[in-house]
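First comes one chain, alone, set out as structure tokens in the form predicted on its own.
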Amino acid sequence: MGTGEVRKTVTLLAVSAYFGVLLLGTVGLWISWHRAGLSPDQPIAFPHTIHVSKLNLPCNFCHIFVDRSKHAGAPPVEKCMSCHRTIATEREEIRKLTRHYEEKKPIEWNRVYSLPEHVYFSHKRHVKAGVDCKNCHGQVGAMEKIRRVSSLKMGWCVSCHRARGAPRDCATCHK
């Protein structure tokens, strides 16, 4: 192999390595941006692992409107403080909770799931139909940080409706 061929090979390897690193970096950024939307940061870290898995609290203990409203609802600060006036008060996240309570300031949770305005969805209808929360929200009790596990895109919902024999007429979900 001559000097010219060695240079060409080295140049080709250097260019390939450069574009390979560039491609990997781009894919890595895309994945991190994509995943960031699946698990938004919250003003107070709420460990579902403790409340659901260890304490066996049912979803409707905190999400008090789930069986009677379109929205499941986040619990009012007073609900949290019914336990946390005395439990784990030394933890920073409970201190944040206490400050909200004392200042009579609601916690502004960041939505994990959202649907377009033209879509009508009722938690109440799904709960009354016997759909388990896990079907859409996954194993929440195993999540240290809550994340979106279902796309909630139309095809995903229609597949579930088809499997359960639920209405698939457009007016069911589009108002």
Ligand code: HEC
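This one's a predicted model, so the numbers in the text were calculated from it and none came from an experiment. Numbers follow the displayed sequence, beginning with 1.
Absent from the display: the form predicted in complex with the named molecule. The rest refers to it.
At a distance threshold of 4.5 angstroms between non-hydrogen atoms, Val6 is out of contact with the named molecule in the predicted bound form. At the 4.5 Å threshold, heavy atoms of Arg68 stay clear of the named molecule in the predicted bound form, well away from it.
Contact annotation for Pro116: at least one heavy atom lies within 4.5 Å of the named molecule in the predicted bound form. Residue contact check for Arg99: none of its heavy atoms lie within 4.5 Å of the named molecule in the predicted bound form.
Interface residues of 67-94, taken as those with a heavy atom within 4.5 Å of the named molecule in the predicted bound form (partner not displayed): His71, Ala72, Gly73, Pro75, Lys79, Cys80, Ser82, Cys83, His84, Ile87, Ala88, Arg91, Glu93, Ile94, in sequence order.
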